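The chain below stands alone and is given in structure tokens; this is the form predicted alone.
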């Protein structure tokens, strides 16, 4: 389809009747110009409420389940009342009640079982997106626009890895073009649930972290869209966290690789997995602010006119753990220890944020998210149980008092003296560098420092690299 625009709205953009009206106005404006498909998240905090309800159910807390169901229904009724009137409001409320009743059924099943089967969890937490898509589609329908809600379960085909499914692109393309294609050709405006899909045999799945953005990029790819616009609550991708750096600026344009590196290292940017379908098709994506739509935002493309100019942004993370392994015996090959440790990391699906090693002592360390620490250490202890038992390896050392800062930019490769300037800027702030990692592509310089020094280090590097507005 020619000139198709896919737009995606996050939870804050769906957070109230007022915010939905704002999002709907943006959809109406673009729909009047060209074919448009929209992916929506649940209302802000709703997914957390759904998960909390399932936790209460698993623990046998009937009262907690009932309180949350009342809160869920009330939140969406208030929104429905704010968006619609008369017969349209009544009909939409019936549809909302039916969806909430499905969630109540699943919650009661978890209550009886005393456990949360992954398949049931995936089916349950997709309810938030179904509710928001129903509301915004009904609002625009009441205004005379041919809008309709679509459950992505009918379109997005995935594998059976519940909680973190991956798309089956060919099957998804077939379904999307069969279901959405004719509707878009006819000038209709679909509102598709983000985050969820289904296996080939119809079992509900979800796409994991960043799932709604990922849904939008998959649909943009299989429908051969011209652009993807991601609407959030910030003006675009910034040179640093504005809460840490006063003169942080919005980047007008960055590359897919820069965006992926920033996201991987803690920035609130599209997850690397989200960018993959867009990169394959060369579809540009915009990061825009639905609260401030007049600001252009940040454009993410294959090759940026701004690339090749050195560092573009600095980002940081503090919810990380530095894990160190060291052989205690020269009989144990450090290379083999590293290989087995990497296998253990792969088995837990942990993301390694940085890794460094010593050539003489054969010890090495890697940085991971604290949320992944327990699974990783358990797997390492299992993998090296004999070595630990016989004293061939020192105990695993875990340091939680650390933070990561990462300097990202396509143009850093071969920029003489840059690393030295960065390290000097950090040392001037009396911040000690614990570990450094830099790949051969030189797209990212990752630096581990003490947690207390992260903010000072970010500001120092941002200033040294001249990234401010």
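No experiment lies behind these values; they were computed from the predicted model shown. Residue numbers count along the first chain shown, from 1.
The following text describes the form predicted together with a small molecule, which does not appear among the structures shown.
Of the candidate stretches 56 to 64, 39 to 47, 414 to 422, 398 to 406, only 39 to 47 has residues whose heavy atoms lie within 4.5 Å of the small molecule in the predicted complex. None of the heavy atoms of residue 310 is located within 4.5 Å of the small molecule in the predicted complex. In the predicted complex, residue 195 approaches the small molecule with a heavy atom inside 4.5 Å. In the predicted complex, the small molecule sits beyond 4.5 Å of every heavy atom of residue 82. Of the heavy atoms in residue 297, none are within 4.5 Å of the small molecule in the predicted complex. Here is the short version: of 327, 190, 284, 210, the single residue with a heavy atom within 4.5 Å of the small molecule in the predicted complex is 210.
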